[in-house]
Ligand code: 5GP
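Listed next as structure tokens is one chain, alone, in the form predicted on its own.
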Amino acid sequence: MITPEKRFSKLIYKADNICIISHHNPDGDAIGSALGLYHILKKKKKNPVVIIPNHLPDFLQWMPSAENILLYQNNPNEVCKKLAECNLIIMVDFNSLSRLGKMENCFENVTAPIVLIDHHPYPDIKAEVMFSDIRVSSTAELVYQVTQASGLIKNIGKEAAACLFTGIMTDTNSFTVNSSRPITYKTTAALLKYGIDKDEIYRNVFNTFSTERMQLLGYLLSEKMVIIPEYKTAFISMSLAEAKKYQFKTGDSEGFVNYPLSIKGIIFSAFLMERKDHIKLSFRSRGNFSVNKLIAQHFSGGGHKNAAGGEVFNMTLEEVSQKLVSVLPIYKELCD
């Protein structure tokens, strides 16, 4: 029986032009996984290209070869042409084509085999080869393990290691969530052996925000945080007007949802952000509070047990806030 790792290795061997894609509004794991694979495949003398639907946030633009990423929002025709002509497509850090937004339309003419590498539950993408494991801390960690099992480990260098480390670090919130498996630290230790500067990577990701972003965070925590002690819940909402006032840029809200969880007794935190045509939701929790179930049942989102997200259309920010509060009694037993 041919293992998925061997099938993946054969697909890599046969392909020259390889498209690596990740999801809309990419985070550190999405970009870290994609660029990590990009550098591995470049070292193997392949011709990879990383494609994402829209801009990556400022705090990730330092990553090696980030300037070579192809953006659908800037070049939709070129992206569709690339995807139609490539020999292999590797999807990382998402489990449904709907996470691509308008870029999903490009797949009408795709004939290349698809490989999925992801750690989110319930994947619904039809892939030739699928690596899906919700136990893994991050897709970046899974990329390393797949690379190792597929015989591509010799193609990892310092640049790939820096990208994969970034993915693991950001998706575990600096190793504070979903990071209790020893293999996560073995993988991290292996990446450190390539000579990456973990302290510089941390500074690049977490210590390069603007003054306006810090002022926005202070304002939201002092004026917009709602605490509901009986449900051990706290949430923050941000309107378009507030975002404009503080010159909000893509990525400025990174980590905002985590702050309420530092309050004693809070086990469920939410961040609600108004966009032009929808409300973006980010949920985080501790312990047995399954935010992926809550968001799937009431807000059409998804994710992990303790970290989930989604988008709500045709509702105002106030309506979404009220709905969130109204469903909390259903989950009271999880708060006890």
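Source: prediction; values computed, not measured. In this text, residue numbers run from 1 along the sequence as written.
In what follows, reference is made to the form predicted together with guanosine-5'-monophosphate (5GP), a form of this protein that is not presented.
In the predicted complex, at least one heavy atom of K280 sits within 4.5 Å of guanosine-5'-monophosphate (5GP).
At a distance threshold of 4.5 angstroms between non-hydrogen atoms, A308 is in contact with guanosine-5'-monophosphate (5GP) in the predicted complex. Looking at H298, you'd find every heavy atom of it more than 4.5 angstroms from guanosine-5'-monophosphate (5GP) in the predicted complex. H304 belongs to the set of residues with a heavy atom inside 4.5 Å of guanosine-5'-monophosphate (5GP) in the predicted complex. Between the options K82, R213, K232, R99, the residue in contact with guanosine-5'-monophosphate (5GP) in the predicted complex by a heavy atom within 4.5 angstroms is R99. In summary, the region of this chain contacting guanosine-5'-monophosphate (5GP) in the predicted complex, judged by heavy atoms within 4.5 Å and restricted to 39-47, 52-60, 282-290, 65-73, corresponds to 282-290.
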